[in-house]
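Okay, so we've got a single protein chain in two different forms coming up as structure tokens, structure 1 first and structure 2 after it.
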Structure 1
């Protein structure tokens, strides 16, 4: 076991503390500024108010953007759950030609820069599909988000499948259970927490995605991150932007926290 000197521990602790402060203090300032009474963000805050939260809740553009984010997130999560789980089972349970290539192709979208994915999909939608009469529209944005959300479900489910004892499923079949009964009563409960955690992470990833959305969103359609980006050039909207940014922060933090709890609970049960 590696033992560190007191000086090394202090140095590493200082580096970690500075890194965490650099990452989270700006987020904290955004949350605090969302309760500022001033129209334009400033520091220090002279007075606090919830007026901008009230205006955000009744703002039609913000509500429409929130609804779009939720719809796209749920649609992308559904695609990720179905395809991610099927691919994970295929790669874990079967041996076939090109297995490693399939693994690479599934993981690649999350590794590619978002702008590359966005440009590629935009060209496909506008220069290939539209000329032959196929209008993807809103559904195209959901598909675009689903391409990189699949990885969240795939990684979680595949990791859990690798830890499942196949003899339990064999015992179920030996006792007369059908394949569907074995999956429903034996297999699925063993990877259910990974399945749910992957779904939560996929939704969070889709909810705060902006780069791919820029290239695939239909005209006039905004998600919350896209709305924030469009409003950044308007200083008078800074307080509303802080409110919406706080909502996005919570929508990203809570799913990650829940998924971590689910994974930890599954590990403790094992």
Structure 2
């Protein structure tokens, strides 16, 4: 155990408290502003009202944007799950020339500025694909999101694969399971929690993405962040954003809780 003096523990505790305040005060302001009567977030709040909640719940554009965000998030997550897992397996199970570069390649889409990624893909969709008759449309956005989400699944799955006891797969083959059966019955259940954790992170990343989306969203399609952007440009109902954000924060307890559970379950078994 690390032995810390009371003073050290106190200092650490203070840093933690300040960090948490730093993280949660802005969120608190968002939540409280969703009950403000003002059109636009402010501090202090002069009069309270639930008008924005009422408006938000009947707002068709919000519903549509939310639906789009979910669809894109799910699509991107699916792509990331497939590709991320494949690469994780390749890197964990094999040694080969260029392994480092593959690794770099997976990290690159998240590491490069979103605007570069967005514009590059937009450029390809419009200047290369469209002229040859390929209309990516809605999928353009999903492809873009999927590309930078790969790293999330890849990281989680790779970290878990490294910790899987290799003799467990051998034990399975030893007991007569074919490679496919082994994957289904032994390997997959072993990294399932990392798979889900990666999926949750990928979804979060996609759900929140603005810059790439600006450049890859098709006409008439708003994701939630794009909708929020638009509210900024037309601030007569900007406070709606706070309501949506509050709902998203509350809803996010579900995935956070799920991934905590998964992490704990995996810890226990080790």
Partner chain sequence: MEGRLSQIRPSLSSPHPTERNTMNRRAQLSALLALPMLWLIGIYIFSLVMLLVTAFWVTDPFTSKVKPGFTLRNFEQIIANPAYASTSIRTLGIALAVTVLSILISVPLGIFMAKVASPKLRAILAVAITLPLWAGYLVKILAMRITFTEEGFFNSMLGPLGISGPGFSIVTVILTLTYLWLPYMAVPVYTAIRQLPPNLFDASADLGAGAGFTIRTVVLPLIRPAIIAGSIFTFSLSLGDYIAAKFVGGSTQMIGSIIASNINLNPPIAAAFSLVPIAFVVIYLVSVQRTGALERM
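Definition used throughout: the rigid core is the maximal C-alpha set that superposes within 1.5 Å between two forms. Model, not experiment: these values are computed from the prediction. Residue numbers count along the first chain shown, from 1.
> Between the two chains shown, which is the form predicted on its own?
Replying inline: Answer 1, the form predicted on its own.
> Quick one: core overlaid, is residue 228 moving 2 Å or more at the Cα between the two structures?
Replying inline: Not so; residue 228 is displaced by less than 2 Å.
> Does the C-alpha of residue 49 move 2 Å or more between the two structures once the rigid core is lined up?
Replying inline: Yes, residue 49 moves 2 Å or more.
>> Is residue 245 displaced by at least 2 Å at its C-alpha between the two structures when the rigid core is overlaid?
In response: Yes, the C-alpha moves 2 Å or more.
> What is the Cα shift of residue 24 between the two structures once the core is superposed, in angstrom?
Replying inline: For residue 24, the alpha-carbon shift amounts to 3.2 Å.
> What is the C-alpha shift for residue 11 between the two structures, rigid core superposed, to one decimal in Å?
Replying inline: Its C-alpha shift, to one decimal, is 6.8 Å.
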